[in-house]
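Just one chain follows, in the form predicted alone, and it is written as structure tokens.
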Amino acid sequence: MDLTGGRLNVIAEEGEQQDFSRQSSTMEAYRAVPEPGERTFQRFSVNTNESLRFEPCEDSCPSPTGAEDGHDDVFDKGEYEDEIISIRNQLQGKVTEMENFAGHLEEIFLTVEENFGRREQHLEQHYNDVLQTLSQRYDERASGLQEEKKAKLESLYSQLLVCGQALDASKELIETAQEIYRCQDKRLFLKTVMPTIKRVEEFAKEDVDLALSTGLEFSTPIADLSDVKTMMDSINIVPAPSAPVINPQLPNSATQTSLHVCWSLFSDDTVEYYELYYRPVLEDVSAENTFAPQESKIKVKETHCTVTDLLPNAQYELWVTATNTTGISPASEKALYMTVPSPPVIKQRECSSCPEAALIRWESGNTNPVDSYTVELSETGTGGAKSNITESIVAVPTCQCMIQLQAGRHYLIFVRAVNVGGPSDRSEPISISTTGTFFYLLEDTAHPCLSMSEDGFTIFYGDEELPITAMAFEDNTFTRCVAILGDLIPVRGRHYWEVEVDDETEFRVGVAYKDADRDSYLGANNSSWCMRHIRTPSRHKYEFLHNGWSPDLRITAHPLRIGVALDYDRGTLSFFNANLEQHLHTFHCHFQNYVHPCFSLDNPGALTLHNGIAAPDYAFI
């Protein structure tokens, strides 16, 4: 905005000195200090959740625009309202974009943290495995050396025993030879010397192995550390990831043409990227049909992805694989997601209202069924200004809803369809006024000879008679009486409408039960009540018929606009000459069920319905 005035520069300078906190979306300003001859005004606050609020100064001062108009506010009311709202919406849009971007960065940060944690755990696991393998090799080598040492010592000990035995035998022979040599008795000498010599010769013949039976050096075999080397090399070789797991669809995670899909990896695998596959689910495709919908693929690095360009309210089958430098994981289990439904279509001519309520009917507008519907309504002013307050009726299971309203108000009503993906966009609105009772005619009940105007409130009975064979009768159409029913809202209370006719038309106007006999005239049975006009050569005759009987009444002023007042609580059905505000007749009956307005033409002519009008004071006296 471009504002003129001496104090704007002061405010701008003060605004530049303020500190903005990330935790607050409200900008508070200071009050400008006036100088002689200058104008002062109160700064305004901007809140992202509210409209701009301008606070007037306590001191009276002229407008900063220089106009001496006597107003104390900075701006004239509504002068810059559109521009302010536009700027606020732009700021809110920028805030939303920054919040989304910050959320995206946070998700990437978390993904990096998860990948780092998995990588760190992977390295630690490899380190522990290498240490465990080396420890096993050490234990095996130490055990082998211990066994070799034991074998060497046992061999040396055995050889030592043999040497000891040989020394003992040699010592014994030497001592025996010395004793024989010292012997003086020659006879004894000759007797013992020969055996001793024989023993010495035998001892000399024995081969004593004086070489060491074992080597002093220990064997040093080459250690087989190939598996350790493999493990060391595998530190740089990441194993192929396991299959991811797609999370179930979250509420409000879809639009009409997009799905936000998330998945998890329940392992310490390292993943470079994921590939998300999806295809629509066609329920009408038989098992024998070889045609299958084409699958699509998206490559992403995060554990989430938004799939776009989809069909509304359609079911999609999704699965995902994880890939790293080693290979591709198995595919995850397939998951089913649904896009948001298309907006419903309100059936204008099947909606009705009264001062206390409105009955809204609509079509789903979607091929696949939806979970529920939400009806939203907001009150509008007489000038069409829309209220900021919107009421909602949620979890509506069918395509119609009865809404309790306040009398004498105007409302805009919207409908949303809801499924697991979230709510649809709003439907086109329908405007409802609770000034009076409003309804359309039920075309499926009309006699084949009747035709209707484009707006649906005037019926015509043409001069040209149709043969019976050319008439298409349905189960719900009138066959004998050229009549049609109105779709009155099923609410007990008071209802009023008017019918406009000309003085040459013979007609029947009244009410009837929904199941009234279609092969009977209105008023000729116990399920209908009506006012009948008969044109005779001499006068206009009027009858008030129920079950074929009418009181004897004479009406002198021919009514061209007939008011019909139905009061369920008092059990009355009254007829009035609306132009003269004249009461014509009242039926007294306790209506067991809801009735419908009925209109019949007994000769060629036209009849126009006027409804949605306030009941006159005399109608329910």
Partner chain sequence: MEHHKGGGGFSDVMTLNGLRLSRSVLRLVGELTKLKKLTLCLSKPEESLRSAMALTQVSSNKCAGGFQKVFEHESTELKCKMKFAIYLPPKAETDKCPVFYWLSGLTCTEQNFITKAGSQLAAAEQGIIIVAPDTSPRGCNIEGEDESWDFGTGAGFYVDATQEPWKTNYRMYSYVTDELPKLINANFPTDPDRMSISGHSMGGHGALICALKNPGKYKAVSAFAPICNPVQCPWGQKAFTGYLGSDRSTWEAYDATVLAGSYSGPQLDILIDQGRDDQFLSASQLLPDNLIAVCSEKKIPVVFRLQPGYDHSYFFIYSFMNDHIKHHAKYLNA
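Here the structure is a predicted model, which means the values were calculated and not measured. Positions refer to the first chain, counted from 1.
Although it is not shown, the form predicted together with its partner chain is what the next lines describe.
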query: Candidate spot 553, 557 and 584, all three touching its partner chain in the predicted bound form (heavy atom, 4.5 Å); finding: yes
query: Proximity to its partner chain in the predicted bound form (heavy atom, within 4.5 Å), stretch among 126 to 134, 545 to 553, 414 to 422, 158 to 166; finding: 545 to 553
query: 4.5 Å heavy atom contact, residue 580 and its partner chain in the predicted bound form; finding: yes
query: Residues within 4.5 Å of its partner chain in the predicted bound form, restricted to 598 to 621 and counted by heavy atom; finding: 618, 621
